[in-house]
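Next comes just one chain, in structure tokens: the form predicted alone.
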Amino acid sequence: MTAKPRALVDMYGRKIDEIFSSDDLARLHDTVTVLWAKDAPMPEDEAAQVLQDADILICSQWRYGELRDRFPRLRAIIDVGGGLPRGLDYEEAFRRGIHVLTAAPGFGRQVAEMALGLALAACREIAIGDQAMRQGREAYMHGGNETTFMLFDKPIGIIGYGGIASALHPLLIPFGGSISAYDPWLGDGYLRSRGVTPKPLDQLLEESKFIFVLAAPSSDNNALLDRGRLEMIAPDAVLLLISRAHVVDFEALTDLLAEGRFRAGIDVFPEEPLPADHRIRALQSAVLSAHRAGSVREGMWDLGRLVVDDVELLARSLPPRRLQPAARELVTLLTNA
């Protein structure tokens, strides 16, 4: 009988039941010999010793030192932290044929759902209306809708067409508006094949009524939406900042929101926690969320399900299909790798 592969589960900062449902954890144990799998991080010297004989590492960051000339059996590194592991020698991993994978696609459904919720909250002024009711100053029916508008039939733009956009796109289709996308890492033909119209960034900003910022942070897109580009956004449009705040000049965004130039739904901030005295907290033109789009319990189990699906394939010496692999051409550009 062939011995099961050995998998070190050392998810620093993540808890086992946060990532794996009971069913998926049972599947993992059925598929591989699970090592450690505790909520506390494994001591680094012990982890390094275990990795000498491990086939798979499931982690939330790389904290195991040099890869070269070590861990000879390692075939896959799976990160459940939301991105690719930092500090890893990717060239060595590629040279040895080690799969480096991120469970980031598992965030797709929950983050997409929140992105849609923030869009509706902004255009229909849901939070403003709730606050007015609680303070006894509500306006009923037409009086409460003088500055609201609908998502239906509005042009929609998506910046960064990755896993979250793929999950969000089907939620937007029933609203009937045109959907365009800008993603410099994807070709126009690919974007058209996904049912979106490729557009240059400036054109997308000028023409879209709802703009979803979903791009992964990279060395090329720091403050991609600078003041000049933010000023291109149409009056009364809605900017949804769902990916890292790295992509936006946040102070310029705050200035324009304070001027009432457009609206925003924001789930990520350049500094978290957001300073208590940050002026964006006082702006009714922004719906604010404390980085909550991707931390729903059953949503987090999506990550574990994808991980176990691919571990099952790896255990059979088949290539992984569910997780996002590190691409040699892109990994050096990503700020979290």
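Every value quoted in this text rests on a predicted model; they were computed, and no experiment measured them. Note that residue numbering follows the sequence shown and begins at 1.
In what follows, reference is made to the form predicted together with a further copy of the same chain, a form of this protein that is not presented.
In the model of the complex, at least one heavy atom of A293 sits within 4.5 Å of a further copy of the same chain. Looking at P174, you'd find a heavy atom of it within 4.5 angstroms of a further copy of the same chain in the model of the complex. With a 4.5 Å cutoff on heavy atoms, Q110 counts as touching a further copy of the same chain in the model of the complex. At a distance threshold of 4.5 angstroms between non-hydrogen atoms, A286 is in contact with a further copy of the same chain in the model of the complex. Against a further copy of the same chain in the model of the complex, the set R14, P184 and L318 is in full contact: each member has a heavy atom within 4.5 Å.
Out of the listed residues E231, D202, E259, E146, E146 is the one that sits within 4.5 Å of a further copy of the same chain in the model of the complex by at least one heavy atom. Listed residues D53, E272, E44, D30 were compared with a further copy of the same chain in the model of the complex; E272 is the one with a heavy atom within 4.5 Å.
Of the candidate stretches 80-88, 211-219, 232-240, 132-140, only 132-140 contains residues with a heavy atom within 4.5 Å of a further copy of the same chain in the model of the complex. Using a 4.5 Å cut-off on any heavy atom, the residues of 106-136 that reach a further copy of the same chain in the model of the complex are, in sequence order, R109, Q110, E113, M114, L116, G117, L118, L120, A121, C123, R124, E125, I126, A127, G129, D130, Q131, M133, R134, G136.
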